[in-house]
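In the form predicted alone, a lone chain appears below as structure tokens.
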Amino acid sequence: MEKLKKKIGSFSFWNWVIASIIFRLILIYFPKNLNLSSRPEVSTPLTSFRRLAEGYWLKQSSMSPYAGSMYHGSPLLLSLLGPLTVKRIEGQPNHLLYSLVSVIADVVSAMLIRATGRNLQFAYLRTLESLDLVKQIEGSELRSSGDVAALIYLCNPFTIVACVGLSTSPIENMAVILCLYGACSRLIPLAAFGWVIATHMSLYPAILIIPVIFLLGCGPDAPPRKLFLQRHQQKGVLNESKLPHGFSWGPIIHFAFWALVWSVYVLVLCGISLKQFGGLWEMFKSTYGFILTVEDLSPNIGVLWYFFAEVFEFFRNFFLIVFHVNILFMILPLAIRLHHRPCYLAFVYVAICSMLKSYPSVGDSALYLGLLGWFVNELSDMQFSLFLFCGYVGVSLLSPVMHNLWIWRGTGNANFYFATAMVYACLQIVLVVEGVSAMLNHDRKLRRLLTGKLQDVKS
């Protein structure tokens, strides 16, 4: 295994990190941040900087931040980031301090992704060693999945425009990554904190409780346990020390305790913040209720805004249930099939939520594409990679064009922009389906290698 660690491809990681930071700072100094904060692909009713500034102004004016249906985010963001919306530095771009916070959030997220990727890769190498399959892959180059994933996240155009466009997506993404890092590193209070904050800010990360439970109960991603049993039983000796640990309920109970503690703490802070403005009920109605009822039908890169703009009011509640339950229907089958790979299961859940959530943005895509980099070695044989890359590039270029033709030039209509949203959703479906297939094929490849090795031993 030590030889394999040395063979992992290395490159100038820190040079790329510094270059990505400098590139962000250069874009921040462009006039009005290139107007990215007004783009529907970047800012949504939940992540918009303008709405955050409006909510903070209302609160400072002794009014409810949720009055007027402008702000629908967390009251904690108003207390932490709200002051940055009004502070100015003479001779510097407006909202420079807020932009610097977004840059720091991106860098911290990348470092957490890198650390988690390294933990996953070392666990993967230990797995191969316990299966005596190290020699079978010595001829193939192993890439440093942690470095690759971190650079995919930092250098991804989606991440950059979300950062420069003054969106709150970098903060939300950092909370999700913090949860997965804590679970993978067995830092249970940190994992619980990340999960509670991520769920509090955007609701959908609540389903990540499933992969977090598998991470804490079984450990990081590994091939199915039956491969280990097959290997050691056919050798005639069952070495328990080389078998993956069985499911443990201790860390789960510990996580539940800390999740309860952090949830109470967050709710108390929110209650204090909104004591004069309707309390927690006002927050639940204006945040989670706003997400679930899809009240704002302004265009975005999702598909729900167009659908609910066209559907008859009589059927609205029925289709709200259909779209939201559609996410829940996928949880159990995927959990059963990918329970031995909880981090990959987390990637799949994040991608599905990005596809079906009420108000998606490019910041959501930046998150799951960064998580996908953790599995650069396992998914090396994934099909349609070039097609997906070209598709994402094409949608990224066509979406602003179609929006301009519809809204500003008047030579198009809503169907122009919605067509790009449909293509974008189809690309995400292809990515999830082919990614899951490639991961299952990788497990089958390990099974074939193990079976062939055992047959050679018998002969």
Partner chain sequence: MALLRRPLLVLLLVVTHQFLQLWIVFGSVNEEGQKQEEFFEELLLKPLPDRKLLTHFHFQSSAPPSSNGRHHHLFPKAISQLVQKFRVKEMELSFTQGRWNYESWGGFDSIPSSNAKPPGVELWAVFDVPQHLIDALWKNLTHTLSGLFCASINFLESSTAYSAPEWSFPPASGNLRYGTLPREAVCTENLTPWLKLLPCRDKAGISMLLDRPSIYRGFYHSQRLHLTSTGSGSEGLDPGIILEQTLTVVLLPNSQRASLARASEKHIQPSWSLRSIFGKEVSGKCVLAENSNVYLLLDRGLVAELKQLHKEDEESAEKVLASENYWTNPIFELSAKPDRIFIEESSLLSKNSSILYKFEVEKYSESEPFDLGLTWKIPVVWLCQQAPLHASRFLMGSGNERGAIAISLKSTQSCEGFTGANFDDERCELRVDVFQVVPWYVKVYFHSLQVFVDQQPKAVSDIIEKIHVSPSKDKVSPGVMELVLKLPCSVSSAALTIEFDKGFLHIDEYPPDANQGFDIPSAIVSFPNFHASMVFLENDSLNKSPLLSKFQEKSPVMSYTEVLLVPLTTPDFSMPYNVITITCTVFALYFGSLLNALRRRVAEEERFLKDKAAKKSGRLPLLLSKLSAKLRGRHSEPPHSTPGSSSLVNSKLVFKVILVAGLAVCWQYYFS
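Residue numbers count along the first chain shown, from 1. Quick caveat: nothing in here was measured; it's all calculated off a predicted structure.
FYI, the form predicted in complex with its partner chain isn't displayed, but the following is about it.
Figure note: of the listed segments 185-193, 212-220, 310-318, 168-176, the one touching its partner chain in the predicted complex, with heavy atoms no more than 4.5 Å away, is 310-318. For a residue to qualify, one of its non-hydrogen atoms must sit within 4.5 Å of its partner chain in the predicted complex; all three of R51, P299 and R337 qualify. In the predicted complex, its partner chain stays beyond 4.5 Å of every heavy atom belonging to K445. In the predicted complex, its partner chain sits beyond 4.5 Å of every heavy atom of V17. Although the partner is absent here, W281 lies well away from its partner chain in the predicted complex, with no heavy atom inside 4.5 Å. By the criterion of a heavy atom within 4.5 Å, L25 is excluded from the residues contacting its partner chain in the predicted complex. Only one of F158, Y306, Y98, F277 comes within 4.5 Å of its partner chain in the predicted complex through a heavy atom, and that residue is Y306. Along 38-66, residues S38, P40, R50, R51, A53, E54, W57, L58, M63, Y66 each place a heavy atom within 4.5 Å of its partner chain in the predicted complex.
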